[in-house]
Every structure is written in structure tokens, then in C-alpha cells.
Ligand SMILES: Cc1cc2nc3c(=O)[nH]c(=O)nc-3n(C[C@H](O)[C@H](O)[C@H](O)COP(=O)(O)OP(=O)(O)OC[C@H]3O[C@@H](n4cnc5c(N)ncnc54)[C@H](O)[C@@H]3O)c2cc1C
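A single chain comes next, written as C-alpha cells; it is the form predicted alone.
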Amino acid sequence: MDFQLTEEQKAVRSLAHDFAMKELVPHVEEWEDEGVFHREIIEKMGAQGLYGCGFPEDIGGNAMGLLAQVLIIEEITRLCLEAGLSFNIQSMVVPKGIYNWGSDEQRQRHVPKLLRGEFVGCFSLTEPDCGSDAAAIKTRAVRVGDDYIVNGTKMWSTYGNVADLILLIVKTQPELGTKGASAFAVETKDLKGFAGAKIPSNIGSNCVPSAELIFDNCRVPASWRIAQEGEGFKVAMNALDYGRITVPARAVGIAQSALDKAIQYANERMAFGQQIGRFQMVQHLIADMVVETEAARLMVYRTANLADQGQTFSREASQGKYFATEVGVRVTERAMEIFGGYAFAKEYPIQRLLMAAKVMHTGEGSANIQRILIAEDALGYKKMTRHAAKPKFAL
């Protein structure tokens, strides 16, 4: 087993670092004070090819693979939370859902625009009364001629109020349970009967909106349906597998950012006549942070590598998501201990990192849900690979 990155992978990580230092880092605090969504960040990252590693060149990607994508996600998230939070939607869940399950026309119509940052995407599954129980969604789509009439409400849809394209999961035949769900690639421009409203919330960055989506007799062309009727749950679960690569990669970036800042602070802060990094209690915290961050990183890399080899990766994605997001929370909490009272000062972004880590802990299946999936898989009750499909694109 080779744990070494290739020169190409090192180069793409350096590209992400240089881009972030030039285009993002100088503006982070100003942007957070403004608290508004910056579409131009997504456009610039798309123009740099930072979203396209997991896709072939004929669809607008660069075919470098998901491990390269993870390296970019980790590095960008470490330096700018706002930019890092975009990857789940722009490079994984939405374009992968369409690429893996859509028609050739749908792939060519949507995926290149998402990867180039010309379209802002959104994945919408969660509803006011169901989050972890994804099969319990109630938003309904009824076929009427060449259209579907959609009614219902979705919640916690990242970018939902600013999105150009929504990968929407609804029920077309509610009586069939999970087999009655269908997926649609919904274009929001001039879409009647649709409204998106920003939810007042804190997900680590003031600039990334999460939204409530309302569909009120919204007419959606049948040609927008992804896959067949009744395959929406499969589309969603497959898309979430890719999200469980992105989310832990972001968690590792958050953990590394907290670790970097804690090390710098421990070497600068003086107490009792010496740097606080000289105290054994602080050293214990730093040691735990270093080891857990590295262990989480390797688990995420393993999942991405499996996908690049064309193998199923649902089990490893769930394990990596669970562990890396737990680590993200623990490492940022330890950073807060090291910073003491200054962890609450606006001068340092530790609070934002902790909140973002908590979001990673919940998104794409909470920690408790991952525990259940992992345990039932190990016990032989429900295999996590039962919904898995091999990646359509692999190196």
C-alpha cells in the first residue's frame, strides 16, 4: 500500500493553496462581517477547475480523481470556510447525482455548468418533519400530462435561496415508501410556484445560506426527472455516498485549521513566565489533535482512493464520515481549551471553526445515524453496500 501522493496530486494541492492565499484569505474577515453570499467565489473556483477532479474531461472535468478533489477540499476549507462549504454541492452531490443517474442530455446540460461555477447547485432532501429518516419525506409530485405538479416544503437546503439548479427528491408514489421517491433536476429561473427563503442560522460561515424551499403547485417538466420514477431514493443514497467523502474532507480541513491556530497561539501566549506550549497539559492536547487529525485524513483518503479505483465505497465513506467529523469537533474543542477566553474573541476564528465542525458532524447523516449504519453492517443486519453502485467514472 502506497501512502505517498503523486507529484500531480501535490501540484493540485499547491494550486489550491496558492489560489486561496491570493483570492480568499485576504478577504475572509471582511466577507464574514458582511455576511452575504458571494457567487463570484464559486465562479472563480470553477474557472480554476477546482470542482472537476471527479469527472472526465468530456463533461467539463479534469479527470484527476477524487483523491485529488479531497486534497483541494481540505486545503481550501482549512483557509476559507465559506469557499470550502461549496464543494459538497458543486463538486460532488449534485453533479454526481446527475452524472450517475441522468440522461446524456441532462449530463451535458447541467454538469459542466456546475463544475465551471456558472450554476450554483443545491441538494434538497430534508423536510421540516424528517431529516435522518429520509424515507419519510412528504413533498409530493403528481404527474399531469408532460409535467409534474410539486407541493411541499424542504428545509436546510444549502444555497437553496440562491441556487440555479436543485437536485430535488420528492414522493411520486407515497404508498410505496422508499420505492415511491423520484429525483428531479429543477432549474429555478422563472420557476413559478417556487420560493426559497434563507433560514437565520450559523453554520460556521455567515456567507453560506441554508434555506427553506416552498413548492406551491409548482409545475416541473417530466423531462427534468432524473432516472425512472421510484428510483429517487437510490439517486439520493448514491449522491450522499459522495457527500460522505466531501464532508469528512472538510472536517479534516477544519481540524487542521484549528490545530494550526492552536500551535501558533501556544507558542506565542505567555503564562507564568513561559510559553503555554511548554506546559504538559497543553502538549497533551496538541498531541491528541495531531494524531486524530492525521488518522481522520487517512480514512478520507482511503475512501477517495477506492472510488478512484472504481470500487464501491459506501461502507468506508460512512466510517470515514463518522470518525473524521467526530475528530473535527474534538480538535476544535481542544483548540478552544488552549485559547481559553480568547477563543470567544472576534480576533480569532475558533468559534466559527467549532460551529462548522458541528455542522459537518450533522450533515450527510448525523454521527448517531452513522453509528447505526456501521453497527448494523458489522452485525450483518443491513449491509451498507445494498444501495451502492460502482462509480461511473474512475481513474
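Residue numbers here begin at 1 and follow the sequence given. Remember, it's a predicted structure, so these values are computed and weren't measured experimentally.
Although not depicted, the form predicted together with the named molecule is the subject of the following passage.
> Looking at 184 to 192, 259 to 267, 121 to 129, 76 to 84, which one sits within 4.5 Å of the named molecule in the predicted bound form if you count heavy atoms only?
That would be 121 to 129.
> With heavy atoms only and a cut-off of 4.5 Å, decide whether Ile369 touches the named molecule in the predicted bound form.
Heavy-atom contact with the named molecule at 4.5 Å: present for Ile369.
> Evaluate Gly52 for contact with the named molecule in the predicted bound form, applying a 4.5 angstroms cut-off between non-hydrogen atoms, and reply yes or no.
Because no heavy atom of Gly52 falls inside 4.5 Å of the named molecule in the predicted bound form, the answer is no.
> Flag Thr158 as yes or no: does it have a non-hydrogen atom within 4.5 angstroms of any non-hydrogen atom of the named molecule in the predicted bound form?
Contact check for Thr158: yes, within 4.5 Å of the named molecule in the predicted bound form.
> Verify the contact flag for Ser210: yes if a non-hydrogen atom of it lies within 4.5 Å of a non-hydrogen atom of the named molecule in the predicted bound form, no if not.
Close contact exists here: in the predicted bound form, Ser210 approaches the named molecule to within 4.5 Å, heavy atoms only.
> Can you pick the one in Val150, Met237, Ile203, Val282 that has a heavy atom within 4.5 Å of the named molecule in the predicted bound form?
Comparing distances to the named molecule in the predicted bound form, the residue within 4.5 Å is Ile203.
> Which residue, Ala335, Val327, Val359, Ile42, is the contact with the named molecule in the predicted bound form, using a 4.5 Å heavy atom cutoff?
Only one option qualifies, and that one is Val359.
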